[in-house]
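Only one chain is given next, in structure tokens, and it is the form predicted alone.
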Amino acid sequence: MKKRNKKLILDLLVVLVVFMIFLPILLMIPSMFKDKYEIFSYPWHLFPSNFTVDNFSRLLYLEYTSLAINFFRSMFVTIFVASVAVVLALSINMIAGFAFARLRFFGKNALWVMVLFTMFIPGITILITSVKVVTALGMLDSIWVLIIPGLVSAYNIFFFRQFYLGFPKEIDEAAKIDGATNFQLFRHIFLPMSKTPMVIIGASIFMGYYNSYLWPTLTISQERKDLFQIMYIIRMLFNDSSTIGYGSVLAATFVSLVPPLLIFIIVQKYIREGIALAGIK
């Protein structure tokens, strides 16, 4: 009986936590269909008195307002930047993790200590220096300034290195006997077996780029509105909410939630498959 009561309490706590997490979203959804006066009406009510989709349609015509921005183009650019970054970052960090885990080369231990050291440096402390570097390289106001600076991550290299250290040494020896090069060993053996960490790290990289606000704000000027990222656009809408209406801000926020939600669904599926395969093996 005590065990059953503990399980019931834990289940209730889980439900409560999930409810608290999703409560803002549940309150946001009906407010998206209210006009800008009804959202702040008193007494407050959950569902709209006059259902309207103007808040969504208004997003299509933002480039003709004082903001002069294209919301859905910014969505596309943000998703494109995040997707390209995932492919490049996974390639770089996986190869680096493989090199530190399985290869022997001069200065390996010293270089690994340097990589680990960067994990303890807060990104905000080198933000100004990073801006100066990309400025000197002439990368400001380009799509590459949104992609390249965040590709290499000490944490991601460490993650893949630890994963590859778990592979038995006999794999390397058997491949070398068959005449395989180090790249072939990585490409044909280690890479196909890395689905689960690829999905986990890939999703993390995508979310990091997709939710980026500070870096695009510092490196993309008003002259390149075609490169504005979605989080910066939502901030602009919030600052101009008195004109376009707070309902449009909520509508834009809801639309921006769709890609991360899809990523979460995909990640959840592949993680389950990876765990099942690992259990079978």
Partner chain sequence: MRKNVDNKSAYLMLIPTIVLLITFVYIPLSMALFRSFFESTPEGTQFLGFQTFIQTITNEYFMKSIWTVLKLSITITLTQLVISFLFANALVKVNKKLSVISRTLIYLPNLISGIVVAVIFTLLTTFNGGIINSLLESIGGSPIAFNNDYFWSPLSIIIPTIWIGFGYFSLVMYAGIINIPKTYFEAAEVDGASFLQKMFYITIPMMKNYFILLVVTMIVVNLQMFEIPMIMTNGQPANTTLTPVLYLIHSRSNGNISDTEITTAAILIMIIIIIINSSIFYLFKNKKGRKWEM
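Just so we're clear, the structure is a prediction, and the values are computed from it rather than from any experiment. C-alpha atoms forming the largest set that superposes within 1.5 Å between two forms make up the rigid core. Numbering follows the first chain given and starts at 1.
The form predicted in complex with the partner chain exists for this protein as well; it is not shown, and the discussion that follows is about that form.
> So if I measure heavy atom distances to the partner chain in the model of the complex, which of the stretches 159 to 167, 69 to 77, 188 to 196, 174 to 182 falls within 4.5 Å?
That would be 174 to 182.
> Tell me, yes or no, whether V249 is in contact with the partner chain in the model of the complex, where a contact means a heavy atom of each within 4.5 Å.
Judged by the heavy-atom cut-off of 4.5 Å, V249 is in contact with the partner chain in the model of the complex.
> May I ask you to check whether Y213 falls inside a 4.5 Å heavy atom distance of the partner chain in the model of the complex?
So Y213 counts as contacting the partner chain.
> Given that the partner chain is not shown alongside this chain, does L60 nevertheless sit within 4.5 Å of it in the model of the complex, heavy atom to heavy atom?
Result no; L60 lies far from the partner chain in the model of the complex.
> Is there a heavy atom of S130 no more than 4.5 Å from a heavy atom of the partner chain in the model of the complex?
Yes.
> Using a 4.5 Å heavy atom cutoff, which residues in 230 to 244 contact the partner chain in the model of the complex? It's fine if the answer is none.
Read in sequence order, the residues that approach the partner chain (within 4.5 Å, in the model of the complex) are M231, I234, R235, F238.
> Tell me, please, whether between the shown form and the other one the C-alpha of L10 is shifted by 2 Å or more, with the rigid core used for superposition.
Where the cores coincide, L10 still shows a C-alpha shift between the shown form and the other one that is 2 Å or more.
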